[in-house]
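Shown next as C-alpha cells: one chain only, the form predicted alone.
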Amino acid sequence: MMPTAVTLREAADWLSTREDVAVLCHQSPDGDTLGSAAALVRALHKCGKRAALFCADTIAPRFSFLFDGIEKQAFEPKTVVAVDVADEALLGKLRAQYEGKIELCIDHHPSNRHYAGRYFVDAKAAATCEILVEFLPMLGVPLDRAMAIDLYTGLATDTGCFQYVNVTPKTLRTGAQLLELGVPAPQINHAMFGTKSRARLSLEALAIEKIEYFHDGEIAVAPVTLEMRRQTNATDDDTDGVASIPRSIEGVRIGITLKEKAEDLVKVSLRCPPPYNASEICAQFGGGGHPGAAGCALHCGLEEAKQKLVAAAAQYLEAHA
C-alpha cells in the first residue's frame, strides 16, 4: 500500500464502505488508545458492522468500564484500522500479524511514521479521542453517552486531567461537549488520577528514594527496576505513574524515568515543560512523542541507558540555554 494522507471526511467515507473491522491499539495501552478504539467499535456496531478491539498487552482492570456493553464478536478481519498508534513497532506482539496490512490510521502524534495505507494525523490535537469526537459522527452515528465516556477518558488521561501543555481551547470545548452527553467526569477522574493500588504506591516510594539529579538539578532520573517490581508485585499499569514524578520536582527541567523491562532493554519516559521538547531528545534514540512527553527504548543495561539519556538531556539543555 502506498501511504496516503486523507481528510477525516475521506477516512469516514472509506470506512463506511468496509466490513469486519479490526481496531488496533498500541502496546502498554493507555486511556487514549483504549478510549478511541472502544468508541470506534461502538460506532461501527451502530452502523451494523462487525468490529472488535485488539491489543497485544493485558488491559489494566481500571480501564474495564470503557468496554461496558460492547458485544464481543468473532470474525475474520477484512479491514484493519489503528488508533493512537504512531509506529507499527508499537503494536508489540500484534506487529507480526498486522504489519503492512493497516489500511487506516487515526493519530495525533507528530512522530507518526505514516505507515498505513490511509492516515489522518493531527499533531495539534491533545488526544486521538479529540479527533474521534469529530470523526464518529461522520460515520452517520451521533455520539451517545457510552461513546462519550470512552472519549472523555482518553482526552482526560492524555492531558493529565486538562493540565498539560497540549490542552487547547478546542480541547476544553471538546471536553465540555462530552460532559453534555452525561459523562460522569468526577468518577472517571478519580479512577484515573485519584486512586492508586498499594503496589503502585510502594513502587513510587522506591522510585522516589532512588531519584538522582544531574546538571545542577535540572535533570532528574527515576529508575523502575525489575527488582523493584518484584518487591512490590507491581504491574505494568502500576509503573505508569512514576513518569510524572521527576518532572514535578522544583527546579527540574527534564524528568527521565527508566523502566527496566529486561537485562538488556530499558523503556524511557521523558517529560519536560515549554520551551523544551521531549520528543527531540527521544528522537536521538529512535523514539518520539510530543513536546511535553515522549519515549524511546534502549537495548542496553539500566546504568548505560541512564548515562546516555543524561548526556543527551544535558547537551540539549546547553544548546537551548
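Quick note: we count residues from 1 along the sequence shown, nothing fancier. Small disclaimer: the values here were computed from a predicted structure and weren't measured.
The next section is about a form of this same protein that is not shown, the form predicted together with another copy of the chain.
Enquirer: Going by heavy atoms within 4.5 Å, which of 72-80, 103-111, 202-210, 126-134 lines up against another copy of the chain in the predicted bound form?
Expert: Looking at the other structure, the answer is 202-210.
Enquirer: R145: heavy atom within 4.5 Å of another copy of the chain in the predicted bound form?
Expert: Taking the distances in the predicted bound form, the answer for R145 is no, it never comes within 4.5 Å of another copy of the chain.
Enquirer: Check Q97 for me: does it contact another copy of the chain in the predicted bound form (non-hydrogen atoms, 4.5 angstroms)?
Expert: Close contact is absent here: in the predicted bound form, Q97 is far from another copy of the chain, nothing within 4.5 Å, heavy atoms only.
Enquirer: Does another copy of the chain come within 4.5 Å of any heavy atom of K196 in the predicted bound form?
Expert: Taking the distances in the predicted bound form, the answer for K196 is yes, it comes within 4.5 Å of another copy of the chain.
Enquirer: Are any of the heavy atoms in N189 no more than 4.5 Å from a heavy atom of another copy of the chain in the predicted bound form?
Expert: Yes.
Enquirer: Using the arrangement in the predicted bound form, list in sequence order the residues of 288-321 with any heavy atom within 4.5 angstroms of another copy of the chain.
Expert: Heavy-atom contacts to another copy of the chain in the predicted bound form: nothing from 288-321.
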